[in-house]
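This text opens with one protein chain seen in two forms, each one given by itself as structure tokens under the names structure 1 and structure 2.
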Structure 1
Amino acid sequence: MPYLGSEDMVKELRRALSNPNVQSDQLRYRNTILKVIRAMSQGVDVSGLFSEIVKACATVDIVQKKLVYVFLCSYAALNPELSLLVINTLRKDCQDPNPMVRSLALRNMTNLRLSSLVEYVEQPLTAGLRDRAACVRRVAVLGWAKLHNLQPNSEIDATVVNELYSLLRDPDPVVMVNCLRALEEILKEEGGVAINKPIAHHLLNRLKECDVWGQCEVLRILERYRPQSDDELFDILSLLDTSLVSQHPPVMAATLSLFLSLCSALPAVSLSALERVRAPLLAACGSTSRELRFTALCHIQLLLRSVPGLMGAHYKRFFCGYAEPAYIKQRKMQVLVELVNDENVAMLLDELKGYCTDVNTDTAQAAISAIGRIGRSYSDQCLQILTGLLGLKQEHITSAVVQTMRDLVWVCPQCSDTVCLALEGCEENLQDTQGRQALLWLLGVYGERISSAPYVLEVFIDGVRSETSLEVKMELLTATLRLFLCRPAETQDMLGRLLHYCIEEETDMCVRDQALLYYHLLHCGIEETRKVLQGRRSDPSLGVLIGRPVEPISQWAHSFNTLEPLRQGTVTTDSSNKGSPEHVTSDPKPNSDLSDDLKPCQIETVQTASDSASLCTEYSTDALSSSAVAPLSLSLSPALSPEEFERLWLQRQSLHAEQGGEEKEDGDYLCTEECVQCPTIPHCSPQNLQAALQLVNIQTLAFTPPHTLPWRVYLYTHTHSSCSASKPPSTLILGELLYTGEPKEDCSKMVMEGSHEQLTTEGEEAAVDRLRGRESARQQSQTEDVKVTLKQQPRDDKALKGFLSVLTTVLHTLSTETT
């Protein structure tokens, strides 16, 4: 056929279709229709041929019928009137002795999707439900669902629903499954098909007759059924056991999903189910279809959140193949990081090292940050590899390595010596913003240990005019000022030049403001500047938090066997794409949000976009404490290790128990309990809470995951009281936030009274009033409180009170933010 434009083509086809010679020759007629369909599937608009095609419908040739129906179903909506002409043929076909013709007619009658035809369709559909041939019943059952969706507001015909329920006992398994599907759609408003005990057991007993797809559907519907007794539950579970290890991944996944929903109250049973699916899931990971492999990998990641040791022995299964696509490689690395242990670490790192030079830069960078993650537990081996990678002098590798090193140092400060040595000379190979930002941060914080630091910065400062990235400029400012504090002689000149440029010539407000701020700070004196800028260099507690806590299965069970785990970025192993590590600790939600929310408590925020978390800390602490009590400052040093915390806490606990009271005082030590009304706190993310508390120099040590009960947080801080001479100059406060979820009216009230007395004796009326007000509010709303248990050593009531008010303010702010 010559090349024709779509209009010519339609004209040509119309001529052929209406040619009586063609119509009389069955084969030619069919071939002409074939051409029409071909044009249709290539995207040509052939709707103009509708009336010609309708005529072709009346034929004995089944192939031609099928072709005509393909056409009609696509264009019926455009020609409702003409479609009426087809209905007669279709209804006649529904009486045909050949079941194939009957099912074909019935299916396409309902596929026309015309609400004007509903009245003609109902009768054949009702007849279809009682047809002898299973293939007709299959179509008829689904036909009712289509019909219902065509006119969603119409009354549901109770007789049809009853008939569909009774067809659940149809000998043909597909009819049974289709009934479930149809009822599910028709009764959507009532919550879908009702599954009672007889239906559930009927479905379970017939599960074996269904094919893979039917089994998945039945298993999915059964998730709604709740067994009435434990015996029944275990009967069901043992029936399902063979499907759990099915060689068909869809059945396996659907069964596990059902298991998890049935056993949500029996974690031990769920865990053993997870053990059982290990083999089939691993088999799916080795499937020929790479899409299936990917799906299995994503679901394994879910499982590992609850059972980290599940795949430990099979880590080799997650080694990447050379020809695998990047998305599989990256997922495999995420899994590998979770599987690392003492025995396999050498092997694993060797493998990961091989991926670092992957052709795909994303894969290479993912491999490098995977090594960095492992470095949090096995720092020596990992640093050796990372240092070796710097020697390759490739831009994307160097950038990823420097970023990884920065993140590693933030968590494991003991690595800093090696990192400082490795950094020498790598600035030549850094081109991208994030890599340079990471390098600048490291130079600023560890400047005194990197001999070449001033020279590197000088190069940056000389090129600042041509610098396009805002983040790099701000990082450069901070780094230079920090370096100036420890190596003033070498840095003074360049700092002056940099400040001059940023204040006089820079057009961007953020950079200019930051430069001005630093300039004024320097005017206040070197000690002031030091106080503001020398924030924390690391966050060792993050290491404790990062060993991801074992999550309960219920956290992810609802997303199992859905598309959610497959989406990109649902599981992020590492925090890439950000500025300095101070921000790593906080949620992706920017810091400025938090400080905005803290504003109601009269905090001066000098927050700029980049590295001023430390600044903010200083200011907000001052502001907070001044609003409540006499000057009090909190600080995090000396750092307390988790072990030390535990020892001190338990020591206090035992004392507490011996004396058996609400409030203990024995000379140098005080224990108090307090209730703070902030019911949403347990639902906010740990990162948010941690970041907020760090703003005011309170260090969190351990968390339970959000939404779990009882919810706990352990925290500590040091107070430094500057005014009172009689009081000890500094005290250590350990604290626990506890949220049980049950309202404890009497108990908490008593505690409240206790703390009132204590506070009143101190003569802080305002605070008492505030507490009273809060208490009444609490009684009105009947909400549950977060119990705060504090232990202080040595005793200093004033400081404790100050601390408490800071803590409550933070909790309240966060709480309003979460709601």
Structure 2
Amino acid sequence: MPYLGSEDMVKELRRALSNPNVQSDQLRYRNTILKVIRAMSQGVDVSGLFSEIVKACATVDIVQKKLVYVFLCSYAALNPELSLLVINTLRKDCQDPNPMVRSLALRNMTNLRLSSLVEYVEQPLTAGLRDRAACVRRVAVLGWAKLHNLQPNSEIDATVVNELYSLLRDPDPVVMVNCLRALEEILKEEGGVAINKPIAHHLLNRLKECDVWGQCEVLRILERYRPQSDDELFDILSLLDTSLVSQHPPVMAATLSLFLSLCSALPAVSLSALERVRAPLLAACGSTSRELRFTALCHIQLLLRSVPGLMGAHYKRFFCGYAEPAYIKQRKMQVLVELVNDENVAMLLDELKGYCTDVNTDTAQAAISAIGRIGRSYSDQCLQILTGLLGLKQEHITSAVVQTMRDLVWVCPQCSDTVCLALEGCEENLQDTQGRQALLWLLGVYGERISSAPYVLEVFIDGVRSETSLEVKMELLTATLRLFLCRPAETQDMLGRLLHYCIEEETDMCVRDQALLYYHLLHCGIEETRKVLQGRRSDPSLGVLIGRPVEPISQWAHSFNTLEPLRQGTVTTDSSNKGSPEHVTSDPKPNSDLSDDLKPCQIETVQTASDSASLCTEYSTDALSSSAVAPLSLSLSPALSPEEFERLWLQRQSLHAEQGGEEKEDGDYLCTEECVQCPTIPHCSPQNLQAALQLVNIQTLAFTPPHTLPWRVYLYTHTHSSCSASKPPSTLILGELLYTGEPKEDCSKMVMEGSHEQLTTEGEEAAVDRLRGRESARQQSQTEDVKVTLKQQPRDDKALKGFLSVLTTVLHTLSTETT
């Protein structure tokens, strides 16, 4: 908004600019123009002085020219007719002996941005491309890009494009880079500048002559070029090797992006390049610029998706500094969670514990959430820290701890006993909506183990009229009904009062409808209510592996050195932004080749568990031979969440049970059971098993701790085979490895039948000795069998056999190494 008295100021400036005495004194005239520019920067409308300023551009003083051009470029759009008066002066300056004056005139001639002046600008720009001064050529090249941007629908002048292509070999590196930028703008609709082998090699050879941003521009454009041979590819990589470890982070990032683009078919070279950039990325994390540190952390997270151990030995570099801003601390904590392992877990948890009492509540809650994510693999140590934090009785800390415990017991049910003991008395320090909602969920699900659960709920019910949160009311309804199912005598009265209030007095329709639903559900009977509210749960003996599946580099290479890693900055696992675990739905990546659900159909049993191990070997041999005919590849993409896996697996299991285990064929679904002899696999560590399976693109989702019976492992993968009319291009395979440690009845029966035959034909003592040895050997063999259950959608027999062959080979290899 213009300042008060601006009209008087403009009048005074006009008198000064028109005063002959001021015009005759060069210094006073320049100072008067400077006052005009100062007033313009302060918000005063000085467009009325346009004609006076136009007269001032006819001068030999370069400083005065710059001031006048700043004014003219700002107000030219408001005075297009008067702007024509400036063109003659600018064209005259384009022929000035001083190259600085020529470049200044060209730059401001294009900055006027008036379509009516295009015909006057083209000739000076064409002459500028051939100017002997590099600074003039730089401005002329960019001037053509501005001119095209002013008239984007105009026909492209082939002569100008050819001239710009020829200037790519200009001795000045800035002119070369400006030509690339101008051609990118002019040829945007045609895909940008065309890069052939001579141009690509010329740009690579002159890369070191450019400044930092020039190198980044050249490297970005070179991503379009594809070498014609392997020798040429490795020659290019050799030229880029020094730039890969550049001390300038932008150059390093642009070079790595080019590396990943060129080596998309060479994963070993891409992994080697990621190893090379480890030191520059760590150096960027210690930069004095906060923005650079944050960007480096975001890109390190991107690299850890494919190389989880890349920064494992340097985890201390990601410890938070006291004076660092909250957004950098939170990003560092996310990286620390990715780097946790058996050797450093104690130190990382101790460091995170210190952040839990940070003065910034967001940082403290992020640290507690990070401890909870580590607790999925190291539950005992993390629960000890979380329980200790409850003793601080700080409102924001207690809220974050309760939310973290809720998320932890959802994925690790074996932690529920410790969580139930820790919850006693923590309701007094909960005031925020998310914390109370988490507490109510825990009271509803594990209320039979918490002695004070009915009394805590009664406090919430008594204050329901003053409750303002819709989410808390809905969670209170669910928790009270769940507690009623396990402790009816203590909860019946308060449940009746809550339902009466929500149905008769509550104004919110969501709460009222939920209360009516529960009311009608109770009329259907307790058992029906129990089926709805207390459905299937995860096996408490299973634990979810921390971290995400290792992704191929090609899955994120296109987003490296862009803003996408920065946009993915929110912590998706932050419990403060979500409700009850049952209400959190996974968002799997779309896959056109895979249906959203396993369709209801009968299960076909290809081979029973009583088949001998020799048949399993023949089965694997057949699979290998068939895979030689039809190539098979395994992939982890799209990723499958533990919740989605459990839903699909239990749905198939329930359908099979309802059908009474009948065996029927269906063309879109397949289930098979196999026995694999792996004596020591159940004693193998989950980390080793996961690493071995991931080498062949099989993802492990859940496992039973070693030396625990029954021992289970759940896994999945996607198969991709050569496309044909009779086979689907992609299938989803869900799998379970089961080891019970008990001999099978049919095997024992086989042994007894054999003993009878031997006793009738041979001597009693010799037969008994042989049978004892054979029986013990067979029982030992049967107890060492691991039952493999596979479920495939859609059906592809050859793909399933090939996958089973790969899985059997991995299990046998692990079993041999463990032995």
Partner chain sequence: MISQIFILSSKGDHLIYKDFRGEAGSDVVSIFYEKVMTLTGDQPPVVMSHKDLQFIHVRQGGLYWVATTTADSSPFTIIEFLNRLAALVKDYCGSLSEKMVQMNFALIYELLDEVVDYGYIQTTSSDVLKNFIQTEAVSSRPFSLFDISNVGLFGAETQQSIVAPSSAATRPIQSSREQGGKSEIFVDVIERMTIVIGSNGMLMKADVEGEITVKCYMPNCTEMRIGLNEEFSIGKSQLRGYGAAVRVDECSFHQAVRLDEFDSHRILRLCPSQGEQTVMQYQLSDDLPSAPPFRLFPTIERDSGGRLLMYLKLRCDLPPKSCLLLKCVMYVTPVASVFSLSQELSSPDQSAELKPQSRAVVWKVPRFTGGTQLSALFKLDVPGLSSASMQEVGPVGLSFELPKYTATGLQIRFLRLSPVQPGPSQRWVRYVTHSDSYTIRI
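Whichever C-alpha set is largest while still superposing within 1.5 Å between the two forms counts as the rigid core. Please note that residue numbering is based on structure 1, beginning with 1 at the start of its sequence. All values derive from a computational prediction rather than experimental measurement.
S.K.: Name the structure that matches the description of the form predicted alone.
M.R.: Structure 2, which is the form predicted alone, differs in this respect from structure 1.
S.K.: After core superposition, I'd like to know whether residue 523 moves between structures 1 and 2 (criterion: C-alpha shift of 2 angstroms or more).
M.R.: Yes; that C-alpha moves by at least 2 Å between structures 1 and 2.
S.K.: Core-aligned, does residue 424 move its Cα 2 Å or more between structures 1 and 2?
M.R.: No; residue 424 is a residue whose C-alpha shifts by less than 2 Å between structures 1 and 2 when the cores are overlaid.
S.K.: Would the C-alpha of residue 57 be classed as shifted by 2 Å or more between structures 1 and 2 after rigid-core alignment?
M.R.: The answer is no, as the C-alpha of residue 57 shifts between structures 1 and 2 by less than 2 Å after core alignment.
S.K.: Keeping the rigid core fixed, work out how far the Cα of residue 809 travels between structures 1 and 2, to one decimal in Å.
M.R.: Residue 809 is displaced by 34.4 Å at its C-alpha.
S.K.: If the rigid core is lined up, how many Å does the C-alpha atom of residue 44 shift between structures 1 and 2?
M.R.: Comparing the two forms, residue 44 shifts 2.7 Å at C-alpha.
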